[in-house]
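Starting off, we have a lone chain in the form predicted on its own, written out as structure tokens.
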């Protein structure tokens, strides 16, 4: 794999489909979608690479957690999106594993502009519809998702309408957890 490969072959169609699946996941917390089209260098999963291609551009400051802050990933992101790399406090998008993303340092939005918060792409070893109970907008009764912990998401929900939004990726699968979702241990 080189930095020149791994992007969309049919960018208009593939990016539209991937963006639609990302929005489906975000609007239906706990739902797992399978995406395709991008293949970045290790340790990027196909889902994380696809999300980067549809969410990032030269106006999207990105922070890479230590798990993903390798030259091959930086070069691939730069070539395919042009996004600048920044410290967590200036990031609008972040990528890494749960333990390498300094969640307390990312922008949470402002009271008048809650949309100025960061979105975190969290790479996981497993992604299933088992785990903590999710309720709230986009969930008819309840959903479940294999989250890395519960307390952080409860604290994030308490900040609403401010707070962080999350995508979880594993292989070609992704799920999302917006800040409006209530999370309870089961």
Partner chain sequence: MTSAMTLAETSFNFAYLDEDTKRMIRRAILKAVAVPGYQVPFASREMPMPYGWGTGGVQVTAACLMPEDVLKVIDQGADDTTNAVSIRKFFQRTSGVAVTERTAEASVIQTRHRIPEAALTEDQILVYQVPIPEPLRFLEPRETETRKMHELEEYGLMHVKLYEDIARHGTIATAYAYPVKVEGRYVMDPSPIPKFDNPKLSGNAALQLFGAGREARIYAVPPHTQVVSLDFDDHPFVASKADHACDICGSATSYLDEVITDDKGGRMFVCSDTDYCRGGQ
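Residue numbers count along the first chain shown, from 1. None of the values given here were measured: they were computed from a predicted structure.
There is another form of the same protein, the form predicted together with the partner chain; it is not shown, and what comes next is about it.
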Open item on the list: Between the partner chain and 90, 95 and 171, in the predicted complex, does every residue show a non-hydrogen atom at 4.5 Å or closer?
Closed with: no
Open item on the list: For the interface check, one of 23-31, 144-152, 125-133, 41-49 should have non-hydrogen atoms within 4.5 Å of the partner chain in the predicted complex; which one?
Closed with: 23-31
TODO: State the residue from 35, 62, 121, 53 whose non-hydrogen atoms include one within 4.5 Å of the partner chain in the predicted complex.
DONE: 53
TODO: Using the partner position in the predicted complex, report whether residue 112 sits within 4.5 Å of the partner chain, counting heavy atoms only.
DONE: yes
Open item on the list: My question is simply whether residue 180 lines the interface with the partner chain in the predicted complex - judged by any non-hydrogen atom within 4.5 Å.
Closed with: yes
Open item on the list: Is it the case that residue 69, even though its partner is missing from this view, gets within 4.5 Å of the partner chain in the predicted complex, heavy atoms only?
Closed with: no
Open item on the list: With the partner chain taken in the predicted complex, which residues across 154-170 come within 4.5 angstroms through any non-hydrogen atom?
Closed with: 160, 161, 165, 167
